[in-house]
Every structure is written in C-alpha cells, then in structure tokens.
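Read the single chain below, which is given as structure tokens and is the form predicted on its own.
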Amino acid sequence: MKIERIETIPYSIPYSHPLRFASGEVHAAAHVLVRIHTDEGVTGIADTPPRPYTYGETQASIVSVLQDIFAPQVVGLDPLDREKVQRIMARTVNNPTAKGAVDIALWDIAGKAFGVPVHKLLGGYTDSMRVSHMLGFRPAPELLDEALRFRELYGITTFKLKTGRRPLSLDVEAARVLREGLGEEAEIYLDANRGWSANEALEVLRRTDGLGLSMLEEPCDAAEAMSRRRLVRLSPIPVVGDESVPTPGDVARELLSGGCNAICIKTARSGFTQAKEILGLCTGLGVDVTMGNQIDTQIGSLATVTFGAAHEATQRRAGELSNYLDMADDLIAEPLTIRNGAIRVREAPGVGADIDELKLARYRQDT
C-alpha cells in the first residue's frame, strides 16, 4: 500500500457563541480537513485547527505546507512508515497542527488496514474518557449558569476556567463564584493562556487560596524564565505547560529548567506519534499530564479521546472534550455523545471519524 495523494479542504462552521480567552477568541471553526488517500482505497482522516495567535498557522498556510512541501515528499511512501514521514516533516520547522494531522491520518489508515480501532493500536487501556468543559471570558454568573447546565445535561463535573484578565479580580471572582455554586465535588482549574506575568499569577494563587483549585495552566510566557521558575517553586498546585511545550524537546526544556511541573498534551499539534513520545517522557519523570483542546471539532475531540483512553496516565484526569457543543454544526457523520460525564472511543477500525459529505459540501470554502 502506498500514499497516493493528500487532500486538503478548508471549511468554516460558526460557533453559536464565541469562546474568548487571553490569547484570542474564536467565532468559527475555520479549519482544514485532511484526507490521505492510498492506492488501495484506504483513506485516513484528520482535522487541522489553525491557531495563528498560538502557532502562527492559518488555513492558507496549512494547505500550502501540506500540498507544496509535505505531499511531494511523502506520496509513494508506505503509510505505515510513520517514522520516515516524521523525519521528512521535521525538516520543515514549526507547522505543528499540519504535521499532527498527517500523523493522525496515517494512524487512521493503519487501523483501517488492519481492521483494528486505533485506540487499541495505541495501548487500549480503557474505552472512554471523562470530560472537562472549558469556560471562556464571561461574567461570573453566566459562567456558573453554563457549568450548572453542563453538569445537569451531561454529567460533567470538571471545569477549566479561562483566565488571564486584568484586573485580576475578574478571574478571582469567577473562580470563587464557580466554587460556591458547584460545591466541593467539582474539579476547577485555571488556564491563563500567557495572559499574566508570573508575579500576577502568584497574586491570583494567593487570592484563590482555599478554593481547592487543582491546576494552573500556562500562567505567563515561558520567556519570563526566572520569574516563572519562582512561580513553579512557590505554587501549591501544579503549573501546567501548554503553548510552551508543543514538542518533546520543548517538554524536556521546560521540565528540566523548572518552567512547569505538569504537561498538557494536544493531539492536534503533536499527532499520536509525538504525543506518545511526550507521554513517555512525562511518565518516566513522574510528571502529571492532561489532555487538552484546540477548540476542536468532533473529529478533533475524537482523536483526543482515542489517544487519552489508550493510556493509563492520560485517562487519570478528565480531558478537554466538550467545546464542540458550542458549534452550530459538525462534519462528523456519527456525532459524539457525552453520557455520565464521559465520551467513549469508537470500536470501528481506525479512529472512527467518518465524514458527512453533504455537510462537507455545505461548509467547504474551496469551491
């Protein structure tokens, strides 16, 4: 079996309401659907979320690097030779979500070719993941209403509060209102998306002491090296690296320098292959991991479930899987369901993200 061509389809689906956070806001899933076709008729599928404010990628740049740089080098290769493809893509710097999509699509091909679910190929630890829901910038009472609604409708009890606002009191108040309204049984953690300085983050930790927050993700820019190390040293809760750790090398740098002491894995930017390398590094060092979200569609969320449920360490914490519910529609043929606060993996060969072709035709932007 050989790779015959890479198909890239830019599309856009609006969100019912935008998700706002410190590094930007998202009004529509303006993504790129990637399909890798083989000469035996097996096709691998992945979704690519451009995040220019985080990785510098756009729809146009993803299509360009896949069609102009990667495709000429990987067409003709065996799709099972993922390490060859990894080395080819590594010669081009950056472009993490474009590379991640190629890798996920190749794993999808492998699962379909062997007739095995990819979560089994990856490790098969369990068959579902608990769900964490992200709460964006909104007034505190509205955030609590949303959290209570998601707990009632879906059984979700873990919530990630987007922070990084000024004045700091906005985020401190939001955390307090959520804790008082949700009770002690709910898990609440913060994600500042580099919105604060390290000293501001320390002040937020001081003001939220006693609220039982479980983690603080990417509080400040990793370039603020000295203050960030002081923050990690003084923080009573894990400080999670996210945007600062897209590759295994970045993970090693931040952990060894003391820039963070927990790691967020996002399959959209690492694929499954590099995600396994990051996970191995973290488990070897005894570092906690979380499964993050690129404000993914159901296709991207299913990839996260596939990887997260496959490993013992990644299923310990709830994964960020539910923000596709804010989308007006989706391309996936069989929608995901959240029951009792969890999403199950697909037992079909591959990842299981078949495409509704009528919806693709409606939302694609290249015709």
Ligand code: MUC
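From 1 onward, residues are counted along the sequence shown. Computed from a prediction, not measured in an experiment: that's the story for all the values here.
This next part talks about the form predicted together with the ligand, which is not shown.
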item	value
Three-residue site 133, 156 and 214 fully in contact with the ligand in the predicted complex at 4.5 Å by heavy atom	no
In the predicted complex, residue 311 touching the ligand (heavy atom, 4.5 Å)	no
Residue 317, heavy atom within 4.5 angstroms of the ligand in the predicted complex	no
Residue 244, heavy atom within 4.5 angstroms of the ligand in the predicted complex	no
Residue 70, heavy atom within 4.5 angstroms of the ligand in the predicted complex	no
In the predicted complex, the one of 54, 322, 38, 59 near the ligand [non-hydrogen atom within 4.5 angstroms]	54
Answer option from 273, 193, 208, 261, heavy atom within 4.5 Å of the ligand in the predicted complex	193
Candidate stretches 157 to 165, 84 to 92, 227 to 235, 112 to 120 - the one whose heavy atoms come within 4.5 Å of the ligand in the predicted complex	157 to 165
Contact set, 275 to 297 vs the ligand in the predicted complex - heavy atom within 4.5 angstroms	293, 294, 295
